[in-house]
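Heads up, the chain below is alone and in the form predicted on its own; it's given as C-alpha cells.
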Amino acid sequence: MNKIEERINELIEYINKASYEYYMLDSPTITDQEYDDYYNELLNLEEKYPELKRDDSPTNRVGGEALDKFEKVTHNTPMLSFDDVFNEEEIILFDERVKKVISNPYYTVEPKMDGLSGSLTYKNGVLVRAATRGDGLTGEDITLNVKTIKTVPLKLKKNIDIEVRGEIYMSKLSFEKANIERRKNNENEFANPRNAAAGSVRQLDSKITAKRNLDFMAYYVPSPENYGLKSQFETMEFLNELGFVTNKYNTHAKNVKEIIENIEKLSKIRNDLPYNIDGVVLKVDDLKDEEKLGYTARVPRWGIAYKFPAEEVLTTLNEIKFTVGRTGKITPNAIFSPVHVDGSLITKATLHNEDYVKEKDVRVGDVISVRKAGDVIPEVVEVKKERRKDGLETFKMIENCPMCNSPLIKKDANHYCVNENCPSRQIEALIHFVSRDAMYIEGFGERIVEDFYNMNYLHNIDDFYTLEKYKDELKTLEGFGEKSIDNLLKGINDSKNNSLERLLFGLGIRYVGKKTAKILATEFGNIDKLINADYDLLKNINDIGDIIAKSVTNYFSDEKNINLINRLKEYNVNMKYTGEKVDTSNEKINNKTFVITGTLSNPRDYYKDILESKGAQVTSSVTKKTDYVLLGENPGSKYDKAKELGITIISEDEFNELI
C-alpha cells in the first residue's frame, strides 16, 4: 500500500469517526473547520487518484451519476407494516391478545418516525444496497441516494453481513431550509417533511438528494438470532455498536399503564423534537415471544403502531345529508370517507346551517379538512379549493323536511320543520329523553328507540312507562331475549326515581340545557311550583333571563305538555328535586368552567359533583372559555393545552382551598 492510499484510508477513518461522534454521541471532538479540511483533502486525492476511491468513502454522500430509473429489489424477508390503533382501548385489546400466548409480556415503546421505511444491506460491513419498502415484497434500489445520508454508515464498525431496517426522514430544520430554497427558486413548497423525504430519496439524480439533508434512524434487524440477539432492546444496543443512530427516547413497559404513561410523556415533548413523530410503535421485547406470536398474512402479531390523534385531517366529501332534530331544526351534515380524528373513526360532521355551508362554499366532491371542535364534536374546518375538480355543484338548501316533506321555515340562520308529528322529531325527542344526561334509561340506544318507534311501541316519552304491558310480545322480537327485555324494563323502572333536573332536561324544553334544568329544579323544588311560576319570577332568577323564562312559560302554558306531566305522575315518575341545592355564594366557582385531568385521590365525578353543586360547569376539553384546570398526575395533552392558552392550573390542594 502506497502513502497516498494510506492517507486516503486515514482520512476516511477520521471523517467516519467524526461523523459517529457528531450524529451518534452528540459529542464532537473536532471542529467543523477540521472536518471540512479533512473532507476537502480526501475529495482532492480521490479526484487525482480515482482508482483508489473506496465504495464506503464519505465523499459518495454528495451524489453520483443520475439514473434513468430505479431497479426493482426483492426483499429476502417481507417488509411488513404494523396494524394502526388510535386509542387506549385498542392498546388494551392488543395487550389482551398478546397475553393469551405470552404470560408476562414486556414491551418496547418506540417513537414512530414520520418518514418512510428503508432497508440497508451490508456485506463484510460495507453498504452494498439500499431499498424502499415498496409493497413489502418488492421495493426500489435507492442505494446511490441513501449513500448521501450522513446518518447512514457506509462502513460498519464490524465486518459482518447484515440487513438493517429503519426510517428515512427529513428533520424540521432540513425541511425549513429546503422550503426556503424552493421559495427562492419559485418552486412549490413541500407540504410536510414526510412527503419531502419520500420525494427526495426517489430522485433519479442523487446530487439533489444530497442537498436535502435527509437522516436515517435504525430500528430493526431481520433474523436477529444470527447475531445472538435475544430482545428488541438488545437489538437497539447492537445497532448502536455498529454505528447506527437509534432513537434515544425508546423505552420499556411491563403493562398497559406504563405504555400509556410513556405515550403521554412522549406526547408532551413531541413538538420540541427535531423531527416529526406521528405516534409510537409497541413491540413485544423478547424475540422468542415474537416468534411464538408470529404473523398474519399481512402484519406481525407482536407489535402495533399507535397513532397520535390528528389535529386536522383531510378527506373527501361524498354527500350532504340533512337530519331533523327534536326541535325540528334541520341540520346539513357532511358525509365523507372514513378518517381517524383524535382517536375516533368518523364519517360525518355537522355543517350547522345553510349560512355556514355557503360561507365555506362546501360542495359534494370537495377535499375538506376535518377536526373535532373542542376535542369533541367533528366539524369541517375548510375546503381545499386548490384541489377542487371542475363541475362541482354549489350547495342549495332543501325546501321541505327530508322525513315528512313539510315546508321548512327559516328562523335566524336555521331552518325548521314545524310539523310536531314529524317522525324524525319524535324519534329524536325519545332518544334525548333516555340519554345519559337526561333520564338515562340504560339499554336504550338510538337503534332500539328507532326500532320501537317504527313498531308502534313508542311515540311519546310517557310511552316508555307503558312498555311493561308489551313484555311478552317484546321477548318474541328478533334480537331481543328475556334477559335483555327485563334489563330494559328495570332501567325504565329505576328512572322513575331520578331527581327533577333530569326530567326537566329530558322533556326537551327549548333553551333548557343540563345546567339550566339543575338551576330550575333547585330553585323550585318540585314541578308544580315551576309550572305555576310566572315570567317575571323566572327571568329574575340568576342565570335564567328573558329568553329562557319565555320558553319555560310557553312550554307549561301548552295543555298537551301539562297532560304529559300528569300522565308521568300517574306512572309514579318523581317530580321533586332530590339532590343538593346549588350554592352560588362562592364567586370564585359559581359560573366558572372547569376541566379535570390526570389521576386524583378521588374519582372525577367526586370533584364534578362538588363543582356543579356550587354553580360551576365541568367540561371535557380545554378551550379559551375554560377558567380552571384541576390537575392530577399524568395529565396528558389537556395540561399542554391549558399552558398554551394561559389557563389557571390548580392542584388538588388548591382546589380544596378554593371550595
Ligand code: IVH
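None of the values given here were measured: they were computed from a predicted structure. All residue numbers are counted from 1 along the displayed sequence.
Same protein, other form: the form predicted together with the named molecule, not shown, and the subject of what follows.
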Going by heavy atoms within 4.5 Å, which of 81 to 89, 446 to 454, 330 to 338, 200 to 208 lines up against the named molecule in the model of the complex?
81 to 89
With the named molecule left out of view, which of Leu214, Leu503, Ala130, Met113 would have a heavy atom within 4.5 Å of it in the model of the complex?
Met113
Checked Phe175, Phe94, Tyr219, Phe238 for heavy atoms within 4.5 Å of the named molecule in the model of the complex; positive is Tyr219
Contact between Trp302 and the named molecule in the model of the complex at 4.5 Å, heavy atoms?
yes
Using heavy atoms and a 4.5 Å limit, would one call Glu167 a contact residue for the named molecule in the model of the complex?
yes
Report whether the minimum heavy atom distance between Ser495 and the named molecule in the model of the complex is within 4.5 Å.
no
Does Thr251 reach the named molecule in the model of the complex, with heavy atoms at most 4.5 Å apart?
no
Within 272 to 288, the residues that have a heavy atom no more than 4.5 Å from the named molecule in the model of the complex:
Val281, Lys283
